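Heads up, what comes next is one protein chain in two forms, each shown on its own as structure tokens, labelled structure 1 and structure 2.
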Structure 1
Amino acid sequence: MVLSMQKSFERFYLKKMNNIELRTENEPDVSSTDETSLLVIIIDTNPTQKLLRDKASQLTTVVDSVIAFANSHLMQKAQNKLAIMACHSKTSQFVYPGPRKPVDVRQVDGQYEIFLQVEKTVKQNLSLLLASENSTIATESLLAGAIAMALCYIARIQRTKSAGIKLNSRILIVSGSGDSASQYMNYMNVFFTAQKQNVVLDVCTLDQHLSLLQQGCDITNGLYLKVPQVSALLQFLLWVFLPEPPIREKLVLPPPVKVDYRAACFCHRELIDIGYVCSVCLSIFCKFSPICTTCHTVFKIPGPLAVKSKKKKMKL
């Protein structure tokens, strides 16, 4: 009795297994792996920022929020790539992947090894960078140079990627510094280079409004956001900057603010509303100069406007 029931069950099981259609190796996978997202995060670590001068411990909050956001980006898809840079007053360098040998990590309390490696590598390289800074002179952050390094890194990854793989690249800047009009030309160069390379530039400012970086977001179709408080940084990063640019059109995001398209003069490096433009090299000046300091073109000094005399009507 038992043997007959067992044989009947085996026949029923084999019949069911034969009816199941197994996917062949030649059929395409539903989860496509031919698209990769590369995210480069630039953290402004300049100690002369106002929010760090007021409370230096806020840098720890910013770094922890950025690391959690970076791990969320890696969690979205196994093919996603990540790079993190630290922008300082004298240099900009990659803290992940770092220039040194990768840190050997083991699983701790069930944490994913890659997430732990990102955290330890970023904090170790960042502490070495901050320890090497001994100058107390207040200088501006080299954000334009950091963006240029990020674009070079993206171009290298684009050149060395496998054939048939589409690479979607974007750059996220997290900064609390003010506007730097002295880097105006450098900013414009990297903005239009990013536009040509189809790289989206996102900016998350922590303290002050950055009109020049806002222009870069508008040029590259990125997002610009001013966080009201540092303690809510992670929530805004996950809400606004974690989704890919094609997905953002379907989400309810903060409304865009009006773009400040003021240019910086070449003489004093200050943002101006009205100025003089050289007709040869397109340099901008806040005051009239008979000689262009960029291309040395000599202009004619405008004289007083001639006043036409009114003709007297003759009385008949």
Structure 2
Amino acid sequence: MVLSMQKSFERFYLKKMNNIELRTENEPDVSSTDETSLLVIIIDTNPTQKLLRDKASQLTTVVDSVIAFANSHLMQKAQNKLAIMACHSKTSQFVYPGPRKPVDVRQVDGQYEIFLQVEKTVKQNLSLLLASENSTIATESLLAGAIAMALCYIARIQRTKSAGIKLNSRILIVSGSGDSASQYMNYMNVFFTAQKQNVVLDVCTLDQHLSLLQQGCDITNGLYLKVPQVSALLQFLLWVFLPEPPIREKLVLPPPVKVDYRAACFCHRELIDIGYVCSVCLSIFCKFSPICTTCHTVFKIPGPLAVKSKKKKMKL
């Protein structure tokens, strides 16, 4: 098996596109006309994550686990494809395949070269990225942007793949950051784009509950898991996220939790079950107010009988 993989690897050639090397098959392999799976892993490397503040060595655990997991994905099928991204506070970058020439590797201890190459490339590119970070101002991770980049990458692979190959794509996010309200619109855009492109979004959170990303999983039929202990991260990844979405139905996996889709009021930014929606501008309020604070429409004050009813009429 290793031999055949090596052969097919030799047939790859590297093609430069933007700053990311993209492998395309030189001559279509006749035997690989079945389904392949493209996995894009997004690792949150923001140093302000609580995880890293507490113990910087956790980064090694996370990165090593993700690399082992990524290699397991490559091992499942010779045609499986992989991309790994690092999501930082100011930028998101592909670390595998990286922007530079691939690292030359020799076989060590009988390990399959590509596995070693994945590890070396990822670590090299990550350290370069982290070293370039010199600002001391802490900002949140740009996860929505990273997902958008991953979707673009997937779209490009889909376009350039040879005919007859079915490519199943998914994105796995491994993050210890908190939820971000400022990226809400960006999140929603990428979630629905992913849904439209049939890209499954999996989220593995290491620290906090991420309600927005959970919605993304729900929308794209992905899995959401909050890992109870980072030390066993690899086991959780292999158990929950390694099986491809069609196989997951047949496995006993953590059941999906009911996702909270409630809206927040514009006045206090609190989640509400029932509220008032302005019939002109669709602003949401938790209490009735005679003048909409967004569009300044004046409403009739409900009469004594209509106090209970939730309906309001527009004053013309």
Partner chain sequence: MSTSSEDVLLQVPSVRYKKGDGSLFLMDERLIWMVENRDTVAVSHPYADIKSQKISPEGKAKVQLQVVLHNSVSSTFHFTNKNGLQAQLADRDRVKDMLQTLLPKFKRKVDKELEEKNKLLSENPMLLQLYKDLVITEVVSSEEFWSQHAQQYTQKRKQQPQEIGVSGAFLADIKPQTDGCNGLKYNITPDIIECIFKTYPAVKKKYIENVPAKLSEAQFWTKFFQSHYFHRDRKYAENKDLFTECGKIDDQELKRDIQAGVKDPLVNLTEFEDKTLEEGYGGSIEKPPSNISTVSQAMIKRFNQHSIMVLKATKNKVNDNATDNAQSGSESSKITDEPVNKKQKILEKITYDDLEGEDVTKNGTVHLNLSKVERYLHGPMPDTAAEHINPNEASHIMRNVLQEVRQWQIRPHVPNHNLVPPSAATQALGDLSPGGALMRGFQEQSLAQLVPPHIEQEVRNLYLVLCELLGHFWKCFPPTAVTAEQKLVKMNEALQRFQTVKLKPFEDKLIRELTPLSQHLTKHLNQLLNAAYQKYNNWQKIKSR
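Between two forms, the rigid core is defined as the largest C-alpha subset superposing within 1.5 Å. The first residue in the sequence of structure 1 is number 1, and each one after it adds one. Every value quoted in this text rests on a predicted model; they were computed, and no experiment measured them.
Peer 1: Which depiction, structure 1 or structure 2, is to be taken as the form predicted together with its partner chain?
Peer 2: It is the second structure (the form predicted together with its partner chain) rather than the first.
Peer 1: If you split the chain into two rigid parts that turn against each other between structures 1 and 2, which option among Ser162, Lys258, Asp273, Ser57 sits at the hinge?
Peer 2: Checking the domain motion between structures 1 and 2, the hinge sits at Lys258.
Peer 1: Rounded to whole °, what is the turn of the smaller rigid part against the larger between structures 1 and 2?
Peer 2: Interdomain rotation between structures 1 and 2, rounded to whole degrees: 25 degrees.
Peer 1: Superpose on the rigid core and then read off how far the CA of Ile284 has moved between structures 1 and 2, in Å.
Peer 2: With the rigid core fitted, the alpha carbon of Ile284 is displaced 5.6 Å between structures 1 and 2.
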